[in-house]
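This document opens with one chain alone, in C-alpha cells, the form predicted on its own.
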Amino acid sequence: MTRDIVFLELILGFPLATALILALLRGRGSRSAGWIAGGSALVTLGSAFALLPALYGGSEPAVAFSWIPAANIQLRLHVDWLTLPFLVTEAAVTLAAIVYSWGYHKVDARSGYFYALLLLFGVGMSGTTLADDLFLFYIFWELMLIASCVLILIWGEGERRGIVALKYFIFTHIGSLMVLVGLLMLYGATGSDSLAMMRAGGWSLEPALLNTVLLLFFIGFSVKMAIFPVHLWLPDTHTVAPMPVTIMLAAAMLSMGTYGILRFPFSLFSIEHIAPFALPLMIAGLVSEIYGALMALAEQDIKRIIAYSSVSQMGYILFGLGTLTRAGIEGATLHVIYHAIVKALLFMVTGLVIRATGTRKIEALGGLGKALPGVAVCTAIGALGIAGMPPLGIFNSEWMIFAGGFETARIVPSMLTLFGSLLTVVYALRFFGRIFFGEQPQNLKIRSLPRAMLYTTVAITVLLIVEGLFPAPLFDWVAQELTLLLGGGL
C-alpha cells in the first residue's frame, strides 16, 4: 500500500472511526468530544493536502475493491484535479465549524453525538467528492442529508425545527431521487457503475435519453445548490440549524451541487451535448442571483439575510457554468472556494452578534461598532468580500464569470448579471451598516463572547485576505481541472 493510498483512506476512515468512538463513549467523553473531533478533522484536511505532490507528479491515487460482482459494482475512491479543490474546501469548512462549536455548543451528555454527526456530515461531503463509482457516490450523497437532518432535528433552534427538518429532507431528497434516476440510466446504458470507465468513452446514449439524463442531473443538482425556484428548503433550514451546521451547509454542502454538475454532465459529455442547456443554465443562474439579492435586502432576520445571499451566490456559479467557456467554468469553480470562505465568515460573525445581543432582528441592532470592534472589522471584511471588492477573493472569481459571459453571444444576460452584483453590494453594506453604525439601543445588553468563536472568525478573516492577495495556487488547481471537463474541449 503506497503512502498516497494511506492518505486517501485516512480522509474517510479516520473521521468515521472517530465518529464511532464518540458515539460509543456517549456521555463519558462529552468534555473532550470537541477536541477529539477537531483533531480528526485536522487529520482529514492534512491528508487532503498530502495528496498534492501525487497530483503534481501526474498520478491520480485510487483504491477499489469488488462489492457486488454479479452487478459489476465496485467501490472505488479516486482523487484528481477536479476532486481536490472541493475536497480541501469541505475539509477546511468542517474543521472551522467544529472549532467554532467549541464556543458555540454547550457541553452536555449528548455532545459526543453532536460532534460525531458533524464528522459524519463532513465524511458525506468528502466521500461524495472521492467516490469514483455511481453506487458509492449516492451512498455518500445521502449520508450528507441524513447527518445534517438529524443535527437540525435534535439541536436546531426553535419549536419549528421538526417541521423545518422534514421540509429540508423532503425537498433535498426529491432532488436526490432525480439524481438517482440519472445514475441508474447511466448504469443501464453502460452496464457498469464505474465513472473511470465512463470517462474513458466507448459508450453512448440515444438523443432523447441523453437529454433526459442531463435534465435530471441539472435539476437534481440545482436543488442541492438551492437555485431559484428549487431553493425553498434553504432559508428556513439555515435559520433553524445550529450555527456550526449552518456554516457547513452554506459554505460546503451547497458546493456539492456544483461538483455534481462538473463530475457528471461536464465530465461525461461533450460541449455539443450540453450546448442546448447553456442558455437555460445562464438564465436560471441570473434569476437566482437577482432574486436572492432582493430577498436579502427585504429580510429583517440577520441569519436569513446571509441565507438568501447563498441563493444569490449559487446563481453566479450556475451562470458561469452555463457559459460553457474556459473563463466561466474556471470562475465558477473558484467562486465555490471563495464563497465557502466568505460565507463561513459571515455566518460566524452573525453567530457572534446573536450570542452577544440575544437578537437576530436587524432593526433591534445598531451601534455595535464601539462595543464589538473586532467583530465589526471581521464583518466589514466579510461584507466587502461578498460584494466582490478587490483584492478580496470573490473579485477574482466574479471577474472570470463575467468574462466568460461576455465571451458568449448572450450579451443581455451577461449585462444583467452585473446588475445582480450591484444588488449584492447594497445588501452587504446594509447588513454591516445597520448592525455596527448608528446609536446602540439603550435596552441592548452586550454579553461576553467565547474565545473559540472569536479566534475561528479571525482565522477565517485572515484566510479570506490571504487568498485574495495570493490567488495563484487556487488558479493553478482549477486550471488543472479544465482538461477533465467537456471532453477536453475547453
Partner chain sequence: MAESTWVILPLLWLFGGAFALGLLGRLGRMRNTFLAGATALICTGGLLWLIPLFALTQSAWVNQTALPSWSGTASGGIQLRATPSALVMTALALGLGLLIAIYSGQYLARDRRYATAYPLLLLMLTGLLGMLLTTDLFNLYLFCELLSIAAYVLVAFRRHTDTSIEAGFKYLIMSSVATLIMLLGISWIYREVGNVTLPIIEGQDSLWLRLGIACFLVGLALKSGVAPLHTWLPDAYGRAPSSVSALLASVISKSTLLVLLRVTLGLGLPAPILGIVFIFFSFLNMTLGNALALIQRNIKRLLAYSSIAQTGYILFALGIGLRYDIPAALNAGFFLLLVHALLKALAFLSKGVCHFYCGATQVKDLQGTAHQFPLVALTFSVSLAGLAGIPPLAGFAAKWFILAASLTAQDTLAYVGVAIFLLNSVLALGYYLPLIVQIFTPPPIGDTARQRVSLWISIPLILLGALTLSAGLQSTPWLDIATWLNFFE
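Numbering follows the first chain given and starts at 1. Since the structure is predicted, the reported quantities are computational estimates derived from the model, not experimental observations.
One more form of this protein should be noted, the form predicted in complex with the partner chain, which is absent from this view; the next part is about it.
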- Would residue 437 show up as a contact with the partner chain in the predicted complex if we use heavy atoms at 4.5 Å? no
- Message: I'd like to know whether residue 174 contacts the partner chain in the predicted complex, with contact meaning heavy atoms within 4.5 angstroms.
- Response: yes
- Going by a heavy atom distance of 4.5 Å, is residue 161 a contact of the partner chain in the predicted complex? yes
- Item | the partner chain contact at residue 35 in the predicted complex, heavy atom, 4.5 Å | no
- Message: Can you pick out, from 134, 403, 376, 223, the residue that has a heavy atom within 4.5 Å of the partner chain in the predicted complex?
- Response: 134
- Query: Within 4.5 Å of the partner chain in the predicted complex, heavy atoms considered, which of 219, 209, 418, 196?
  - Reply: 209
- Of the candidate stretches 349 to 357, 180 to 188, 232 to 240, 250 to 258, the one with residues having heavy atoms within 4.5 Å of the partner chain in the predicted complex is 180 to 188
- Message: Where, within 138 to 175, is there a heavy atom within 4.5 Å of the partner chain in the predicted complex? Residue list please.
- Response: 138, 139, 142, 146, 153, 154, 161, 162, 166, 169, 170, 173, 174
